[in-house]
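Only one chain is included here, represented as structure tokens and corresponding to the form predicted alone.
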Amino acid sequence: MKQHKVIAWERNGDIGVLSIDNPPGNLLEEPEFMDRKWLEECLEDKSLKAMLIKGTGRHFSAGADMKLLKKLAQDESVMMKEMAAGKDLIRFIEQMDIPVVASVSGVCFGAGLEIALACPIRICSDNALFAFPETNYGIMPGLGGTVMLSKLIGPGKAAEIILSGDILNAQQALKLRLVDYCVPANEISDFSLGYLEKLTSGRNTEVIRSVMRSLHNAQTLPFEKALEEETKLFCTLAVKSMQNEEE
């Protein structure tokens, strides 16, 4: 196991497991809760097929450490720099070329929810709770939460969730499509790992990464350009597949 700031990393077969490791609430002590270069080093092994993000213990993450946030707020230029680094990290997770699952138990608030929203697949336990409580403190989500949530469920419902600061339970989150699956709390670890294993088993890493790149392109590129890039990825895979069959 590797440790950096409040993050732990380990391998489980072909799956990388990233744990927010600051119990009991798994608070994030700074916006850039881990160094991006450190994460890139963890992901260097090209045999890696997927990644799971979870919290240590009962909770996923209660979000930012408000004491630290108050210190950062004393210098706006420093805060801007720190928030930009945190947002860059979130964006990196969002654009990874392997499937990433957020496995959410307990509370998933604020920056913790922003991490979960950056993952293309979200699985929660039936005791999970979700919220953007920032407006209760006179602030707002700052690591991409307003953008990602609006994109996922629409600006109207996003405004309601963010401005109210209300807590959503697991079934409400499932209904809103904040999560893709909801399972019993005692099954979430096995279910999440099993889901990723089933998704990637028997698939070579190049196929997995090409599919994920194309899916990301669909979200970030103009429609025609995304189609063009899909064709390029398909042709590269097809040529290699046919060559392998001939050998």
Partner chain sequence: MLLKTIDWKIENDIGHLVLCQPPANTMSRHFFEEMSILTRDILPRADFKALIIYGKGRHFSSGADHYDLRNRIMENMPADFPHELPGFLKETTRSFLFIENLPVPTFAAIRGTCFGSALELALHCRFRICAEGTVLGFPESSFGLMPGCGGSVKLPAITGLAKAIELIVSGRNFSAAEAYEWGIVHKIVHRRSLLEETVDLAKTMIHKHVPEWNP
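Positions refer to the first chain, counted from 1. Being a predicted model, the structure only gives us computed values, none of them experimental.
Not on display, but discussed next: the form predicted together with the partner chain.
Annotated contact segment (heavy atom within 4.5 Å of the partner chain in the predicted complex): 117 to 125, selected among 157 to 165, 136 to 144, 117 to 125, 71 to 79. Within 4.5 Å of any heavy atom of the partner chain in the predicted complex lies no heavy atom of L48. In the predicted complex, W38 stays away from the partner chain, with no heavy atom inside 4.5 Å. In the predicted complex, the partner chain lies within 4.5 Å of some heavy atom of T236.
Contact between S241 and the partner chain in the predicted complex is found at the 4.5 Å heavy atom cutoff. Taking a 4.5 Å heavy atom cutoff to the partner chain in the predicted complex, the contact residue among L43, L193, V211, V183 is V211.
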